[in-house]
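This document opens with one chain alone, in structure tokens, the form predicted on its own.
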Amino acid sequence: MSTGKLKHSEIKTENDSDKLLVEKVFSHKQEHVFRWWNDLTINGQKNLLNQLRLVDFTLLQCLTEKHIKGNKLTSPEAATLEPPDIIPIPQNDSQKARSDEAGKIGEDAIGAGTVAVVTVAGGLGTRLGANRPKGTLPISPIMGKSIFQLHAEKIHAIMNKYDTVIPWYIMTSLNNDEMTRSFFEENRFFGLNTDNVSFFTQGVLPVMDLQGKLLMDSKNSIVTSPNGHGGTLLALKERGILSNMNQRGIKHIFYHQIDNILIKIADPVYLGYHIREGAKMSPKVVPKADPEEKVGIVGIKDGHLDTIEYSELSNEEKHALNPDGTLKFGMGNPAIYLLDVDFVEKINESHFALPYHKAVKKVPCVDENGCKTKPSENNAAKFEMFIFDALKHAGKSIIMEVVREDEFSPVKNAEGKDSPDTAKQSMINMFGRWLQEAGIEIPKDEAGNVKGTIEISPLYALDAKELKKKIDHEIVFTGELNLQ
């Protein structure tokens, strides 16, 4: 993008604050954003200035120098990678006893009101063919409940079970915040007390071209992009959520992403292990489906717990086996974490700041003639923070393995893998396993899927153990069962 023709003195503004802002923009050599200044209405000029006022130009300069101007091709340093110690899925009596003990500790913490839920829900379901918050999509097999409603019912059921309050903090984005709030209001917050449901927006960063210049979205606005899931930790501080948590006596945060349909919210066993070991940030892990599955793995990298991206693993590492034939680096990351409030506060201190990662993308923008264009080649650098970069600072963590079929089924694609259809089938199959544990016969096809449709509301039963206590054991499954 070429620089603007207007001189600093030609940018007429109303007050000293705006003049200082214009000076800052020029001093950081981003004056091209004023290219169409004289073509803009007063409101258009105000919009541009208001957007620029939110830009951290010092941070942008650092990112430009590190990731764009200083981005020379260098060979990555060899890293040592080892599998972490994990808490396995209980198989024997001693492991089950240990799990039960942890569960009691977690239940006490939930009952004491020291646990909150943070749900990352900033996306729009564009890949699913819907231009609305992903959490609003109908997903339950029979009732067609939204993803938000299913999560809300789980939280409601847990509060009822332990006679407690679990505050729910939902991180939205500038694109979907208003729609998300309206959806909750229209649905009366799914029976939850409005005092215990809070919304906060994720931060954004400007998008730059490959020379370090701000990209323009229109003549009076710059292109911005969410600052990554690691930005959640920053937003918790900046939006006053940590302060609210401290006022409520919250000590532990259960973090998850909106699109995991099978999420076991505020799992007491997971929480209990975390508390007992004095951990500060702890991930759950699920076994990878196969060596080539494109999912990050949790491992010990250069002596620190970390998430290693699929692309960073060598073929040898992807296929390496343990003596028992399981994958050596097979603990996939489903983006489920427990974080202590005091640890998130430390992350927000400057010496613990998370690094930014650059992603080179094709980003629509305004060209030199003021026309919106869709580039055919990569033209932009986006910057994001990753939440798992905080792991290396935790000092103490537990890593808990869980049954993938019981706890991880994301909705990301319109069809095929990780789609609404696979998520519904995952729910039906899980409910079928619960019913089988209760002694009810459930027919399955050759692929192991339940023949028929089942829906069990979290308000009826949160898990197989609870279902077993409530259900009529004489019931006969005839192809459809709906327990609400």
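The structure presented is a predicted model; accordingly, all values stated were derived computationally and were not measured. By rigid core we mean the largest C-alpha set that fits within 1.5 Å across both forms. Numbering starts at 1 and follows the sequence shown.
Form predicted in complex with uridine 5'-triphosphate (UTP): not shown, discussed below.
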| property | result |
| --- | --- |
| Heavy atom contact within 4.5 Å of uridine 5'-triphosphate (UTP) in the predicted bound form, the stretch among 93-101, 299-307, 395-403, 122-130 | 122-130 |
| Answer option from 196, 227, 224, 164, heavy atom within 4.5 Å of uridine 5'-triphosphate (UTP) in the predicted bound form | 227 |
| Answer option from 288, 264, 412, 280, heavy atom within 4.5 Å of uridine 5'-triphosphate (UTP) in the predicted bound form | 412 |
| Residue 180, heavy atom within 4.5 angstroms of uridine 5'-triphosphate (UTP) in the predicted bound form | no |
| Partner proximity in the predicted bound form: residue 258 to uridine 5'-triphosphate (UTP), non-hydrogen atom cutoff 4.5 Å | yes |
| Non-hydrogen atom contact residue 214 with uridine 5'-triphosphate (UTP) in the predicted bound form at 4.5 angstroms | no |
| Residue contact check: residue 149 to uridine 5'-triphosphate (UTP) in the predicted bound form, 4.5 Å heavy atom | no |
| Residues in 416-451 close to uridine 5'-triphosphate (UTP) in the predicted bound form, defined by a heavy atom within 4.5 Å, in order | none |
| Core superposition between this form and the one not shown, C-alpha change of residue 143 at least 2 Å | no |
| Post core alignment: residue 361 C-alpha displaced by 2 Å or more between this form and the one not shown | yes |
